[in-house]
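Just the one chain here, the form predicted on its own, laid out as structure tokens.
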Amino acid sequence: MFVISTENFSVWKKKQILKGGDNKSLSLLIDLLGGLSTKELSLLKIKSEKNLRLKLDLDSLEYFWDKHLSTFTPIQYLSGFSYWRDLKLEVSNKVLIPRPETELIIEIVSEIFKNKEEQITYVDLGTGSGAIGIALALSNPRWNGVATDIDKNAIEIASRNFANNSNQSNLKFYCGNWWDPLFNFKGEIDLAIANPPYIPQDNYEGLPIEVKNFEPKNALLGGEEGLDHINEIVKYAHLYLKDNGWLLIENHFDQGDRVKQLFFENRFTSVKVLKDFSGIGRFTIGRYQEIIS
């Protein structure tokens, strides 16, 4: 630990902001690398503490801040961690940085399955850092969760994140493409969730530098129209979902109507496109129904 006077820290912080960037990003860096949370930072303005403790000295923090400003490397990748809901998750350039809008998935699922005593089996397809699967496992200890990802590095990161955030055992991890590792779960899944690559080719070329240059392309690019992976997930969902099982997919801001139609074409009912914090149709949800002859 490094002991820094509050006065010196305040002068240093103002100096960093004058270089560029924004307060939110600098506060995140101070939190993830320096060990001083945003809440503690705000309390400094109220309390008259003379000294504070940091995990890194100011020169080291400045080095990382300069690197962020000069290369546009996300703070999360510089530190190796990201916050999502109430989780602190390990991340690397092998997985996407979990987004705030994706947090709504947990709220949507809670609205569908209000009976917390109900035992269900759910799958988090393309788990990445494990954010969705882990949050559901922690919120619902009676549920049995399965998480898949095509990248073994992502599976290793997600497994560590579950172990570091919980002592539970109700979430298992499998490496493979979408449904492929789930042969033993055919017809047994109550809920499937996917936040797949859905960025169209033309949109991908115009992504911000901090996204395009650092986050894994295979977790972002969804083909020419952005629907390649969504098509595959919806097409084969009937093999794995129970009758009346739910499928929830996060999609691009302008894909809601097309994804909704895709659900209808594959025997889903109660199909809705739900909005995110910005009022954008971000999530498509539906309930699979078997054809009774």
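All residue numbers refer to positions in the sequence shown, first residue = 1. The model shown is predicted, which means the values in this text are computed figures rather than measured ones.
One more form of this protein should be noted, the form predicted together with glutamine (GLN), which is absent from this view; the next part is about it.
Here the chain stands alone, but in the predicted bound form its contact with glutamine (GLN), taken as any heavy atom within 4.5 Å, falls in 191-199 among 132-140, 191-199, 111-119, 77-85.
For E101, a non-hydrogen atom is located within 4.5 Å of glutamine (GLN) in the predicted bound form, even though that partner is not displayed. Contact between L182 and glutamine (GLN) in the predicted bound form is not found at the 4.5 Å heavy atom cutoff. Remark: L220 counts among the residues lining glutamine (GLN) in the predicted bound form, judged by a heavy atom distance of 4.5 Å or less. Glutamine (GLN) in the predicted bound form comes within 4.5 Å of no heavy atom belonging to I106.
Contacts between 231-254 and glutamine (GLN), taken as any heavy atom within 4.5 Å in the predicted bound form, involve only E250.
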